[in-house]
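Next comes just one chain, in structure tokens: the form predicted on its own.
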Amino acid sequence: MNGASLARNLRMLLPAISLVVLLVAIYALQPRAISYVGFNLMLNLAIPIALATIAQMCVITVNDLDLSIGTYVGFVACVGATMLTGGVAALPFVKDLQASGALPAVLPWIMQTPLAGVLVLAFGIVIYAALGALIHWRNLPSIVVTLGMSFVWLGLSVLILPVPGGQAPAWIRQMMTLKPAFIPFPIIAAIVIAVIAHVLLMRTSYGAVLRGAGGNPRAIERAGWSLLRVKAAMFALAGFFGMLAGLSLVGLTTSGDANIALRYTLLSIAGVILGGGEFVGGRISPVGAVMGAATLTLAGSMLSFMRISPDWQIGAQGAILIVVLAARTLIDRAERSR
């Protein structure tokens, strides 16, 4: 029993151990990086990646997979860089239609205010919830549905912003460039994200129902809960956290781009698995997922310090993920043998 407990504890601590090992390696390569300024630079992009990872985790919790989260984050970034500053009137294709006379020169006031952008972002979350309901109702493979939606989000992003540009709202830029005393903002943001997701999914009664829908859906259904509503709720949560990821990303980059977050799909899946999550069974760890996202972000910095070409960095990050997963497999086998 002691050996089994040790194996379980090692499995739970593996994301933290991986993060610590990476920090030690970075310190050995570049000691000055382990500082206030260094963490700000290295972990800046960890915030949107962590939010996208939590979004992916919500979908994985109910035994599905979201292959559209990267393009959805890019869509939100494009909306944030245009419609959250000037409404629909800020969109390039709307300006072209106005110039050609197809639209009135002066649009209704609601179309010229950021409220139009807020409504579009809210509609994106509704679309995510509808996708979850559709997948459950028609018993469709989530990989196929979300892969198709990835092209829809990308097409909408290109329509909104054909070329990189736009401008992030001032309040988002100010929030993402905060410099609190003593502790860098990315670390504070990561802790807040992890705590909120942990309390929401691990410490509430409805969170237990949401996780149970992935672990034992029949028992949840026999208890009187609607699996259709549960899946719609989890996909809506994924859309919400994906929206936050896109807004934080546009706050860091100060402009939008349809292709700005294409890598986030694979990074979010890797972050969930690296953080101790499982593809099936509702087995997740919100804190571990945020640590996994931070580990993947820091891995890029470590590889840069090692002067490894960016062309090889993606492969090197994959190798790090394989090593951690291999260690977790060994721990799982030791736990079962005990």
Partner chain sequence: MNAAAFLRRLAGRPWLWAYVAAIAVWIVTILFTGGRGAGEVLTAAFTFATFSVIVGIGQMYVVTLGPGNVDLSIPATITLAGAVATKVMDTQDGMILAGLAVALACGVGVGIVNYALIWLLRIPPIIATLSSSFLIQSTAIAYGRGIRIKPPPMLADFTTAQVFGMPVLAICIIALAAVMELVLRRTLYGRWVTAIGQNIRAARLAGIDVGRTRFAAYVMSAVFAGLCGYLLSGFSGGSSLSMGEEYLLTSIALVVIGGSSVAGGNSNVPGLWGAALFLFLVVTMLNTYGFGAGTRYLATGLIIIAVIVAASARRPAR
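Residue numbers count along the first chain shown, from 1. Just so we're clear, the structure is a prediction, and the values are computed from it rather than from any experiment.
There is another form of this protein, the form predicted together with the partner chain, and it is not shown here; the text below is about that form.
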item	value
The unique member of I110, L159, V118, I196 whose heavy atoms fall within 4.5 Å of the partner chain in the predicted complex	L159
The partner chain: the contacting residue among L227, I191, L97, L147 in the predicted complex [heavy atom, 4.5 Å]	L147
Partner-proximal stretch of 99-107, 132-140, 77-85, 169-177 relative to the partner chain in the predicted complex, 4.5 angstroms, heavy atom	132-140
F305, heavy atom within 4.5 angstroms of the partner chain in the predicted complex	no
V152 within 4.5 Å of the partner chain in the predicted complex, heavy atoms	yes
Non-hydrogen atom contact I273 with the partner chain in the predicted complex at 4.5 angstroms	yes
Residue contact check: L43 to the partner chain in the predicted complex, 4.5 Å heavy atom	no
Contacts with the partner chain in the predicted complex, stretch 302-325 (heavy atom within 4.5 Å)	D311, W312, Q313, I314, G315, Q317, G318, A319, L321, I322, L325
